[in-house]
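Shown next as structure tokens: one chain only, the form predicted on its own.
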């Protein structure tokens, strides 16, 4: 692909989603946009590029952004963040807010829903221990198409085999052929909403915990900083931020600092050190 053509996609994706693509990733354009080309009955990438140079259809642009920003996910991904949520976050919130409180969690860039559903299942598994606590899970993503999949809660055999323990699979899903569907009591614990991380976040109120894992790696440094600074205003003073293993706040923002002794876990920069 010519540089001048590549720049059409590069600039559009950055403007609409903050996603940064480099020329060494140009191969992803053709593979990920093939379904879009087919859906819109466009002959090829050249014709698609020509459409984008004019005044493109808003839905076409949305489909392109959806295709390029949909990322891989899985149930209980990396496991440790969910263990830390159970063992560190919930006790800290209870200490700050008292028993019988409401704990609000934001799963940002939730993709097809495995992360927020994993959190919901974690809550169900600990229901006896956490009796009296209310949990609210907000799960957002830029892609409307992927959110429709998340709301449906239907997964293939391959998808549920990746990370979901067999006992939990049988307990919280129903099987129809090769498809596994999340049971309604788990679905009802998660509220899904279309949202662009570049937009203002004031509408969401305050959260006790934010999961924003494996998405900041797709942004440039200034955009990462802006997103994290906005999130800091939405996180309670006692709150906790989870990032992916390859992500950090260091050198990007002064709003957060690593939680001492915990990888991938961050708190407000002025938060007191954890009690020994």
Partner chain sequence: MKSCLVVDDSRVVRKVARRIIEDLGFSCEEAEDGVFAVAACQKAMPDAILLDWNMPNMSGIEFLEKLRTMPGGEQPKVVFCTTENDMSFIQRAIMAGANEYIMKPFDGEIVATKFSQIGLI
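Worth saying up front: this structure is predicted, and the values here are computed from it rather than measured. Residue numbers count along the first chain shown, from 1.
FYI, the form predicted in complex with its partner chain isn't displayed, but the following is about it.
- Among the residues 178, 199, 184, 87, the one placing a heavy atom within 4.5 Å of its partner chain in the predicted bound form is 178.
- In terms of contact with its partner chain in the predicted bound form, the residue from 127, 170, 96, 152 that brings a heavy atom within 4.5 Å is 170.
- Stretch-level contact analysis of 156 to 164, 100 to 108, 189 to 197, 115 to 123 against its partner chain in the predicted bound form, using heavy atoms and a 4.5 Å limit, identifies 156 to 164.
- In the predicted bound form, none of the heavy atoms of residue 203 sits within 4.5 Å of a heavy atom of its partner chain.
- At least one heavy atom of residue 74 is located within 4.5 Å of its partner chain in the predicted bound form.
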